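The chain that follows stands alone, in the form predicted alone, written as structure tokens.
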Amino acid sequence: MKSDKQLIDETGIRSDGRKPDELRNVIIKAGVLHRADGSCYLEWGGNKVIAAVYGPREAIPRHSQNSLRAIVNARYNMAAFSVDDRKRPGPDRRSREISKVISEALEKVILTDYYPRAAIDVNIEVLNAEAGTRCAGLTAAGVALADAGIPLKDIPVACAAGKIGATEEDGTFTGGHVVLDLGKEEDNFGNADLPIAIAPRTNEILLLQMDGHLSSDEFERALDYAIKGCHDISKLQKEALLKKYNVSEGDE
């Protein structure tokens, strides 16, 4: 999608006042739902997301059970009122795709072999959407899993980087700036988007997708930005969990 709107100025300041490597404001709260085994509320820029974990519990129907490990069912959904143009309720192709990739990312960090024949259900509800909802949802899910006491190799975290401000001539994009954590207008009118999820202790990549075009140098810079963003948000995840249980960092 093309736009005449200036997304970044000649000094490198973006339209919302951020520098290229600056995140939107992030707020994370753990344990917000009493009837869930674990939960998280997250605000990330204009995104508002709630995640709830149920289980491990017996997988039903029985034919879905795995005798060696638990199955992870992540369900990502955008509320009908989460976007400006009211969304049709219920799952669509996009939500099913995001549910699948989040399930696969979470399976890589959950110690599923501890719970054969069980299911771990992760429900992610987007209450307000403003670009980057899959990263926000996966990040909230990581906190909710830890809050539920699910054994994890690491708390998964996600962030995106991308490219904005390139000019198009004869179908070829030139110039532009690699930036961290695209906002709504940057997502709508930018040139590329690179969401990733990692296990922050090892930097193992759990999810990587790309929409748009980046040169190899731009890709490496965007990846570095996104990984740094993941580590910054990982600190907020841990702070939220420590705050819930009234534990200081020195007592970890």
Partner chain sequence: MTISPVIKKDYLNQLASDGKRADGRKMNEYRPIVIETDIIGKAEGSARVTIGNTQVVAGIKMAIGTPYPDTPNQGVMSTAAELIPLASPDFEAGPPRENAIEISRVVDRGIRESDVIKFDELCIIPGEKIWLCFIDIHIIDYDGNLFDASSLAALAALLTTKVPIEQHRESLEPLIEKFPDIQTYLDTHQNDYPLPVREPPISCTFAKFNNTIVVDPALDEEEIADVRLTVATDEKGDIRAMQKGLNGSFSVEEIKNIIKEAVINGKELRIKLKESIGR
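Positions refer to the first chain, counted from 1. Keep in mind it's a predicted model, so treat the numbers as computed, not measured.
Only in words, not in the display: the form predicted in complex with its partner chain, which the text now covers.
Looking at its partner chain in the predicted complex, residues Ser15, Asp232 and Lys244 place no heavy atom within 4.5 Å of it. Interface membership of Asp84, defined by any non-hydrogen atom within 4.5 Å of its partner chain in the predicted complex, is confirmed.
Contact check for Ile50: a heavy atom falls within 4.5 Å of its partner chain in the predicted complex. Its partner chain is not drawn, but in the predicted complex it has no heavy atom within 4.5 Å of Leu180. Contact check for Ile28: every heavy atom lies farther than 4.5 Å from its partner chain in the predicted complex.
Of all the residues from 127-142, those having a non-hydrogen atom no more than 4.5 Å from its partner chain in the predicted complex are Leu127, Asn128, Ala129, Glu130.
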